[in-house]
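Only one chain is shown below, in structure tokens, and it's the form predicted alone.
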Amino acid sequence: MAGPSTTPVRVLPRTPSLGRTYVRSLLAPRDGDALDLPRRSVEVRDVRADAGRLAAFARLCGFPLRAELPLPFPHLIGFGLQVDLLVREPFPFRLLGLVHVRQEFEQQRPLGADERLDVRVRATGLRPHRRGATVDLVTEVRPAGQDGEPVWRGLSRYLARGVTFPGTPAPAPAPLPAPEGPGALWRLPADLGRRFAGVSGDVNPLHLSALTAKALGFRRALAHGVWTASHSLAALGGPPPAAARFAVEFAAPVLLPSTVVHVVAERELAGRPGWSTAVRSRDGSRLHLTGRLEAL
């Protein structure tokens, strides 16, 4: 994952309202240069997880309530900063239309549910892709008031389809290993996108209803990738290793409602405990997600 940030920082007084920021993304002209990313990162200081939001996230994704945050949860705190960065800083792509293609969650130690945190988001890794261009948004979490290496880091990779970007796209990376065999059925209701939007703040119209998804070119609403990844991790059971990384690649969207299959295999990685996961269509013809959990 990308190293520590050296960019100037714009500090926000609080996490932004995502509903208003999404509206702004529709109205604001793009004034960014297609070759440049924002030179500033965005940060909010001395925040902690909202207890109600944490409980709702745990229920919806399948995590038990513990004294530590579930590994994916800090992403929800940082997501508002991601949207703020995409909309309020000069940025080459519009927020709506970006496709989430990869997500990583990494912690050096578990974060306490009531721990005070500084959260920072920056953009990096703008590169050509065979279908357009990709950009990485990196979220870094530190104990409030402390410098040094982050104790939690997330990487969200987004694809801007159809964008002309100079350079030769790198070869497609080898996919994360997908376990085979029978798995557990997940029956996903039509309102799952709206329910997770209420918890995460991600009110992208793609996830809210068939009507709003059709306006953006999809026949039904899509499940949030972060929900699918989080539920996949929760389904492994038990807390992850104290220092751990969970990386997922999104292969095809999960339409709502639908029934999918979740498959898990224990797989040692570099001599350390590891698990591979996959989410497939019920008939096995389509792969939606591959994931890998490893101890660091």
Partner chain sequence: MSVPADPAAAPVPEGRLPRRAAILGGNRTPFARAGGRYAEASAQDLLVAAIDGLVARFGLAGEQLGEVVAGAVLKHSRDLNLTREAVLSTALSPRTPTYDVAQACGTGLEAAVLLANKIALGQVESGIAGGTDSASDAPIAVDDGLRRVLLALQRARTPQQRLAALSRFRPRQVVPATPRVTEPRTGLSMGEHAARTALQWHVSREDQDLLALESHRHLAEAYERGFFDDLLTPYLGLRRDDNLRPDTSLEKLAKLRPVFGRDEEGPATMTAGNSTPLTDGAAVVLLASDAWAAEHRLDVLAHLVDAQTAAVDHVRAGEGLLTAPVFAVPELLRRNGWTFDDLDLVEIHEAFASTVLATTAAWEDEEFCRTRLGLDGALGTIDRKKLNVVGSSLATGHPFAATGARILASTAKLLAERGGGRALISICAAGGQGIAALVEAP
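Just so we're clear, the structure is a prediction, and the values are computed from it rather than from any experiment. Residue numbers count along the first chain shown, from 1.
Although it is not shown, the form predicted together with its partner chain is what the next lines describe.
For the options Glu180, Asp191, Glu149, Asp114, the one in contact with its partner chain in the predicted bound form, meaning a heavy atom within 4.5 Å, is Asp114.
A single residue from the set Ala242, Ala252, Leu65, Ala265 has any heavy atom within 4.5 angstroms of its partner chain in the predicted bound form; that residue is Leu65. Here the chain stands alone, but in the predicted bound form its contact with its partner chain, taken as any heavy atom within 4.5 Å, falls in 56-64 among 257-265, 242-250, 223-231, 56-64. With a 4.5 Å cutoff on heavy atoms, Gly238 counts as touching its partner chain in the predicted bound form.
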